[in-house]
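First comes one chain, alone, set out as structure tokens in the form predicted alone.
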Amino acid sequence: MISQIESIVKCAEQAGADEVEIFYVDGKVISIDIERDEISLAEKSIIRGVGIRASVDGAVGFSSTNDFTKVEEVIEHAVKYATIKSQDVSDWGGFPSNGKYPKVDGVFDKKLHDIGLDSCIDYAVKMIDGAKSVERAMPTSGNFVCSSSTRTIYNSNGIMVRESGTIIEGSIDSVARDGDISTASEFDISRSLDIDFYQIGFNASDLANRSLNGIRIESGEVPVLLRPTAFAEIIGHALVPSLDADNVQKGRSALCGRLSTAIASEELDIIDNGLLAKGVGTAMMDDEGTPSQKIDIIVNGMLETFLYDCYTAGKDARKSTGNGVRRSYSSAPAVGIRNMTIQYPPTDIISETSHGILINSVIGAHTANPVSGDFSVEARNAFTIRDGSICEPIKSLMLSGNVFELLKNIDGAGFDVRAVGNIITPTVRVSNQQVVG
């Protein structure tokens, strides 16, 4: 593909493009599926494809393929789509032109790049063994994925950059039975081969086991402690969409007109750091070739900025924040978080809580209203807290509220900072949260 770049650019210019961008990915993926306590599928596949964007008179078209005999056809499609577009043509600010990239650490592990299918199966089996090691518990399903890939981004404004990365992740669901039935899940993800897969399985089954024979509680407003998995789920679905500049520009965010105003607890900071060492979203550039950077989104509770890719940045006559993210080579970039980090002064919040509820995870956060921030979720693996100790499991619990009220009511955070995908957060305590028992 590298040798084809000049011919692609020439072809695009001949077709009428003012600018052209080439996004090429080459890599491999090993995937393993688990059903009950057995491996049900193990496969190794090649990822190779190219996405091409072309701009014509300020409009941008996109097309992609994994068949390199059809690249010229893809170029023509991208130019044609740009030609027939009419919206926002005067707002396009162009592809990036700054080719000075920062150094990032911990995004590539040669052990992962060289890993074989047999070794990956062994790691998946370790998850199963860990889950089976807990009395009364068994795994029900799971998944293992390991990938190594190289991105190449070229554009006619002078960007030419390549970067390799690796990632490995494992997850498993367990069920515990003792007259009562309880389920739980656990996962881990890393850029290097440093995950304890046995512990993933053990933790899932141990949590399912500890959740058996739960009690019922009264509905009302109580302090709620949200473990990283639970908090990240709510934040990811109820807050992140409101920070997307595209939603703000289209009036689909409750944060429209709220820049430089207080929207959260005074001690809360939220940053998005594309340079975070070993971060899942770390790279020296985003998926448009804009150099990665650290963005202060909320500082001392004040909203400082929204997140931009090149398109939305052009509409606001400003620079991209390096948040142009693609799902794959076959999708055009859109605004997305890199490594969103929640920061609050940490303390031993469980021992400091005289009365409250601890929630490990939630179901249904995807149903949150991305405009208003309202959410209603089912709590999983919840426990009562009394006199600074974790006590009985709770049988059933619903949690509802508004994410912006939640941000204002955060009054504590733990030391247990954890990466949940692209969100890095500790357990947070929220005062006066509505629960339905």
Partner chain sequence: MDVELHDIKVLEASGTSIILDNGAIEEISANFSKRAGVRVLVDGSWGFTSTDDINAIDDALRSAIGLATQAHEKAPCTSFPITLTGPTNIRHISKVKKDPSDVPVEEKVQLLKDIEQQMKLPQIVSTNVYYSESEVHMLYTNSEGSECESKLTRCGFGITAVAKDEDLQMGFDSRFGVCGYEIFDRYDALSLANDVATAAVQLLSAKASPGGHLPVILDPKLAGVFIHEALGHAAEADLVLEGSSILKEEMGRQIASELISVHDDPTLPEFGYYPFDDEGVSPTRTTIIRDGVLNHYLHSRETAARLGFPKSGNARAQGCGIPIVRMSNTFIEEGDTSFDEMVEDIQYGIYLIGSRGGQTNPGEGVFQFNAEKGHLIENGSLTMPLRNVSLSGNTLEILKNVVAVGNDLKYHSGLCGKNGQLIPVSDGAPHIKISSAMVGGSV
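Not measured: the values here are computed from a predicted model. Numbering follows the first chain given and starts at 1.
Omitted here: the form predicted in complex with the partner chain. The next part is about that form.
- Although the partner chain is omitted here, in the predicted complex none of Ser97, Arg258 and Thr341 has a heavy atom within 4.5 Å of it.
- You can rule out all but one of 247-255, 299-307, 350-358, 267-275: in the predicted complex, only 247-255 has residues with a heavy atom within 4.5 Å of the partner chain.
- In the predicted complex, the partner chain sits within 4.5 Å of a heavy atom belonging to Arg36.
- In the predicted complex, the partner chain lies farther than 4.5 Å from every heavy atom of Lys408.
- When contacts are judged by a 4.5 Å heavy atom cut-off, Thr65 counts as touching the partner chain in the predicted complex.
- Among heavy atoms of Ser147, none comes within 4.5 Å of the partner chain in the predicted complex.
- Only one of Leu117, Ile215, Leu193, Met160 lies close to the partner chain in the predicted complex, with a heavy atom inside 4.5 Å, and it is Leu117.
- Only one of Phe231, Tyr311, Tyr154, Phe197 lies close to the partner chain in the predicted complex, with a heavy atom inside 4.5 Å, and it is Tyr311.
- No residues of 406-424 lie near the partner chain in the predicted complex, the criterion being any heavy atom within 4.5 Å.
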